[in-house]
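Next up is one chain by itself, shown in structure tokens, the form predicted on its own.
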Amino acid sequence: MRGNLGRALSASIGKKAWMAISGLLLVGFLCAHLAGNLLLFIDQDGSAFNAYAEALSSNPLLPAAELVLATLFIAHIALGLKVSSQNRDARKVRYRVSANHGGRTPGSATMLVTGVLILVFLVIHLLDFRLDDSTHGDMAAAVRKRLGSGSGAWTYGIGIAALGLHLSHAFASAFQTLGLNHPKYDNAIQLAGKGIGVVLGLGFLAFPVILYFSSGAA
């Protein structure tokens, strides 16, 4: 049993399956994260958002949840890099002309690049709002100050754009990897993937855009 699991994890298809599962779980986290963050726009003083942030930080299950999320992120990134490396090794002779094979899209063509950008963005995000103790007293004010500045708006704008582009391909790709696609539903799955990328991308992008222009820094 253990040997079969080890072989499945070492095989390329096994890595892709685990990457797909971890990716879908992370999409679920992003949806919940966006819903909570939208509380920032509920009131002017940020009391609703601060109450939400305080409820999260005081939850005794938070360390366990953060550990699970960190494991998912690390596993997803590590598997993505490994699969990308294996794919490059398998192509001993590269095509002279890059054709649009298999419905190649901007999202699918830039998965590695956007993945690296998301990793850098995640580190910046953690340094800004999770590891900086000065933000814990008034998280709403800290978010507005950071994203209301020119550097913050651009940093978060680029990171979120990379996230949206990554998701536009990743969702449909995960279904295909797990064998959940079907010719009858392929178009719907592709549209759903692009829709999730657009909704989450624009949803998160609303924060730096609105906060930057409302801060008077523009």
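Residue indices: 1-based, along the sequence shown. Bear in mind the structure is a predicted one, so any value in this text is a computation, not a measurement.
Although not depicted, the form predicted in complex with protoporphyrin IX containing FE (HEM) is the subject of the following passage.
Sole residue of Ala153, Ile189, Leu39, Val27 within 4.5 Å of protoporphyrin IX containing FE (HEM) in the predicted bound form, by heavy atom: In short, Val27.
Residues His76, Val116 and Leu163 all lining protoporphyrin IX containing FE (HEM) in the predicted bound form, heavy atom within 4.5 Å: Affirmative, all three are within 4.5 Å.
Heavy atom of Asn181 within 4.5 Å of protoporphyrin IX containing FE (HEM) in the predicted bound form: So Asn181 does not count as contacting protoporphyrin IX containing FE (HEM).
4.5 Å heavy atom contact, Gly148 to protoporphyrin IX containing FE (HEM) in the predicted bound form: No - in the predicted bound form, heavy atoms of Gly148 and protoporphyrin IX containing FE (HEM) never come within 4.5 Å of each other.
Non-hydrogen atom contact Thr105 with protoporphyrin IX containing FE (HEM) in the predicted bound form at 4.5 angstroms: Although protoporphyrin IX containing FE (HEM) is absent here, Thr105 would stay clear of it in the predicted bound form, with no heavy atoms inside 4.5 Å.
Protoporphyrin IX containing FE (HEM) contact at Lys194 in the predicted bound form, heavy atom, 4.5 Å: Contact check for Lys194: no, nothing within 4.5 Å of protoporphyrin IX containing FE (HEM) in the predicted bound form.
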